[in-house]
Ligand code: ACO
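One chain is shown next in structure tokens, namely the form predicted alone.
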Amino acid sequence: MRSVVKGSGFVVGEHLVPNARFEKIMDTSDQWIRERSGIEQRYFVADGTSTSDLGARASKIAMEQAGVGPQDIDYVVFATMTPDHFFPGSGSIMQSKLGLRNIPALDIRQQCSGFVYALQVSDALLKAKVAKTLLLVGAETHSPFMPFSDWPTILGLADNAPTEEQRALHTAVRDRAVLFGDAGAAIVLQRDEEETERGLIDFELHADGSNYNKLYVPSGMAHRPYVSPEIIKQLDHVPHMDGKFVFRMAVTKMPEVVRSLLGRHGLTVDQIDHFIFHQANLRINEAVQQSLGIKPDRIYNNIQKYGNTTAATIPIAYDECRRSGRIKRGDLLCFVGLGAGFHWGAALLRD
């Protein structure tokens, strides 16, 4: 028995935001952003669009490709670090928007490794025969994190000049603000009792919370109240990141977990047809590629177009590769990700 991908799809926020847009509101440049991250543009949602909206839009595309309707889905797994609300999770909200039956909806929060974790959870549910047809979603609206005072200018709807105070505030978060984008992606997984070759094969996942504060949002239930004027003033509602530490973690742990997972199956890097890494930073992915000795034609990056969309990055890249014909039936894929927590892991799939 295997869990097999039957359909995939993704959507992005309504507004294309090139790097040059940030030059209007903070001390940065297109060159500065490209050199440090590889990112050229990203998409932000329109006012009123939520994470569950992006998840629902992507799910409709994936369900159509899979040839299934709302009545066929019997479980939802929703990976996100940017839910519509503090609670409830976005899975049940999306379930209602899609017109699904009163099926279980499970939200998980493993940030940038959310999709890899969600794959393992989904595979386990299908193999346990809790579900037959499962909808897995990774979706994020990061833009609400950003403490920008002039969204019309960011979205290209106006061309206003910030005050000196506003420009200083925006510049204070530029190392994070320029990295993220808004998007949603989905795949439909089905349990196939007869399949022995195609589908999800194996996973290796890890977590280490000893350095959680190297990449986290300080505000939250560790404080009373969990949000206050002081928290906002200190920008503690915005992600805090030690970029150098995260880089070192990624270029160490991602190659380690790939070697370990492949080793369990007697596989070499050259036997993997396609590597799809989480798209956090192109420089990280280039370093991991070099460490593993992956040939250029066996790795796919699209962070240039979308920025870091956290739980959506891997399924977006996967869907693009499937639709373009880059991935062919029977190809062996390796998904790899690392993110806040810290969580990291890899998964093997024969498409």
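Because the structure is predicted, anything quoted here is derived from the model rather than measured. Residue indices: 1-based, along the sequence shown.
Unshown form predicted in complex with the ligand; subsequent notes refer to it.
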Checklist outcome for this item: Of Gln111, Ser143, Gln95, Ser122, the only residue with a heavy atom within 4.5 Å of the ligand in the predicted complex is Gln111
Checklist outcome for this item: Answer key: of Phe247, Tyr226, Trp151, Tyr212, within 4.5 Å of the ligand in the predicted complex (heavy atoms) is Phe247
Checklist entry - Heavy atoms within 4.5 Å of the ligand in the predicted complex: which of the stretches 159-167, 236-244, 260-268, 203-211 has them? => result 236-244
Item to check | Interface membership of Thr28, the ligand in the predicted complex, 4.5 Å heavy atom rule | outcome: yes
Next on the checklist: Considering non-hydrogen atoms and a 4.5 Å limit, does the ligand approach Ser59 in the predicted complex?
Outcome noted: no
Item to check | Asn308 within 4.5 Å of the ligand in the predicted complex, heavy atoms | outcome: yes
Item to check | Contact test in the predicted complex: Val12 vs the ligand, heavy atoms, 4.5 Å | outcome: no
Checklist entry - Are all three of Trp32, Asp175 and Leu179 close to the ligand in the predicted complex, meaning a heavy atom of each within 4.5 Å? => result yes
Item to check | Stretch 267-285 - residues with a heavy atom within 4.5 Å of the ligand in the predicted complex | outcome: His278, Ala280, Asn281, Ile284
